[in-house]
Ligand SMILES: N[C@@H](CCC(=O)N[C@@H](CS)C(=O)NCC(=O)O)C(=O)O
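In structure tokens, one chain follows: the form predicted on its own.
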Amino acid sequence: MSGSDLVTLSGVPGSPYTRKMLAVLRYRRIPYRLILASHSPEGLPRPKVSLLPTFYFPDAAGEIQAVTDSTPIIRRLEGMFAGRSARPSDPALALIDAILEDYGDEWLTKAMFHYRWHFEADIARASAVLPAWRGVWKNDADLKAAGEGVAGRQIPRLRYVGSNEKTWAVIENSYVRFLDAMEAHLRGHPFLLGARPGACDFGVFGQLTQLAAFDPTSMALTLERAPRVYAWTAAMEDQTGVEPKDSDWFDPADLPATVKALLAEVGRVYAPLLIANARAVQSGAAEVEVEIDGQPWVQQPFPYQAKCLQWLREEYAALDAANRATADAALAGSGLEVLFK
């Protein structure tokens, strides 16, 4: 197989979204090549925004384009490659999959960023290892300087994800509740929506590659409270051995209580932020101010998360009457209903 036959992406192990997409490619048995350590590999175009992973796909004219954003890429891959889908065939369950994937990508990443760049032990580990993932052969002085540079850029960015004195407790308490709910779910089920992984599993997994398996403070917390979550994170890296069947998905009209508990956590913290952020973006406000979990939440508006809410609403609006009724019943009482009013 030549390089032109492979899906090409660039990324690094310290990127939760790189790990998310590598796990998707492995599970779906899509041949790929990973180019480490560079946003702009030689001979390939640069993305408009330098994010990892970056995929390289041909456009309609056959010209190679640099593409980022994991959620649309998962859906693009569904159209490019048949079989072993990471998206439920049932439209109502697919909406739930999208909600949980978005929660992983956009809320759990707040915990990931907070733990990594707020605590001294985590800053030290990230500063030492992240630059080495881009070049272990570099000398000590260069790696040390690169680590200081990474920390110097990332710590001030805590305000962009919403980690500040007013929100620290909300982020940490929410991560503890997520661990407890996920641990309870894994006592009876191998994946979030049944006996096969969905896009939501990969979204949650990506953040846990860092929270549960790299950053010392959150890793210790995960091991203490949720050993199954720690083990699941390692196992999710490669699910090529799963032989999925359509019957492996949960019936959205009869979701387990453990899924309902996870949805309630999403509705408790992420739904109010999505609504408040969208209003702030629309009005041009300088800050998002909202109460989450009984605590004040203040951060800069995030236009991308306004798009996330729009995409979820578009998926909901596309449901026919029967599937919409099923979705409404599944989400009832979770706090997520507000997203679609």
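The numbering used is simple: start at 1 and walk along the sequence shown. Predicted model, so just to flag it, every value in this text is computed and none were measured.
There is another form of this protein, the form predicted in complex with the named molecule, and it is not shown here; the text below is about that form.
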In contact with the named molecule in the predicted bound form (heavy atoms, 4.5 Å), from 312-320, 26-34, 45-53, 292-300, is stretch 45-53
Going by a heavy atom distance of 4.5 Å, is Lys144 a contact of the named molecule in the predicted bound form? no
Answer with yes or no whether Arg75 is in contact with the named molecule in the predicted bound form, where contact means some heavy atom within 4.5 Å. no
Can you tell me whether Ser70 touches the named molecule? I mean in the predicted bound form, with a 4.5 angstroms heavy atom cut-off. yes
Mark Arg157 yes when one of its heavy atoms lies within 4.5 Å of a heavy atom of the named molecule in the predicted bound form, and no otherwise. yes
Answer key: of Arg84, Lys138, Arg134, His189, within 4.5 Å of the named molecule in the predicted bound form (heavy atoms) is Arg134
